[in-house]
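In structure tokens, the next block holds one chain alone, the form predicted alone.
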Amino acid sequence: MDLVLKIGGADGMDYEAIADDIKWFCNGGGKMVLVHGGSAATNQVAAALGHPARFVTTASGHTSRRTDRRTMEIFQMVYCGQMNKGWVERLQKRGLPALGLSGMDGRLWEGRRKRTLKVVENGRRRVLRDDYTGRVERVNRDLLQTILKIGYLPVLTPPAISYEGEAINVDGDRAAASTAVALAARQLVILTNVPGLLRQYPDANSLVPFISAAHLADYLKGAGGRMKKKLLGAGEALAGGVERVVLADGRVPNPLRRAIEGQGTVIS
């Protein structure tokens, strides 16, 4: 497997340019699995439906979407519907045999649902018991390899499935990292709405061009928000045998080509 590509769902991403580069990569003989997000669209739909997005910070300092059952329904509507089938359509228009699936389908991504979630709100600790979140612990490698072998391009999205058969919201970057490890991918590319890791966000001139795996923990200490999850995913991918992770800009022309060339933050 050559590449797992994770495409972020934040505002400003140039999906058409990314799709053009996916065609360039696949027509050149490359094999890939695509993982996408949909956070911005989910926030918009949730607000329109009267159930606006809420984010919580865990006791360990990680920020994530508060996923009660209604939020999960909206999440599935956008991720599995609008975003996933939007990517399938975009790639099919370019002659690529895209096959859209969620992590629930065929138990592609399995994990344990967190029965309790310890969060900090207004300086006070709370325990949430109706949250549907978790982390990918097992990837159905055989199913993905079969899909790839018969010539399809897998287009994957959260949610994953719990061992008890419940939909769980999982982080897309870390799910992509788990997928890259399971398929022994040579590299993981994460396209987002910033040029890469910035020492002083949002100053693009403060881009960190290279991080060695041995020093990744140093950068994790100062990272916040979504970037922290991306760096965690990068570390998990490298620990699992992936040779190279690139965090790169998905708003520019030829975003995937640039990332493969090392324009962004290369972690190896």
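Everything numeric here is computed off the predicted structure, so don't read it as measured data. Numbering starts at 1 and runs along the sequence shown.
Unshown form predicted in complex with a further copy of the same chain; subsequent notes refer to it.
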item	value
Contact check for Val120, Ala204 and Arg257 against a further copy of the same chain in the predicted bound form, heavy atom at 4.5 Å	no
Ser102 within 4.5 Å of a further copy of the same chain in the predicted bound form, heavy atoms	yes
Contact test in the predicted bound form: Val45 vs a further copy of the same chain, heavy atoms, 4.5 Å	yes
Contact label in the predicted bound form: Ile161 to a further copy of the same chain, heavy atom within 4.5 Å	yes
Residue contact check: Glu166 to a further copy of the same chain in the predicted bound form, 4.5 Å heavy atom	yes
Per-stretch contact check against a further copy of the same chain in the predicted bound form, the hit in 120-128, 148-156, 178-186, 191-199 (non-hydrogen atom, 4.5 angstroms)	148-156
In the predicted bound form, residues of 44-73 near a further copy of the same chain [heavy atom within 4.5 Å]	Val45, Ala48, Leu49, Arg69, Glu73
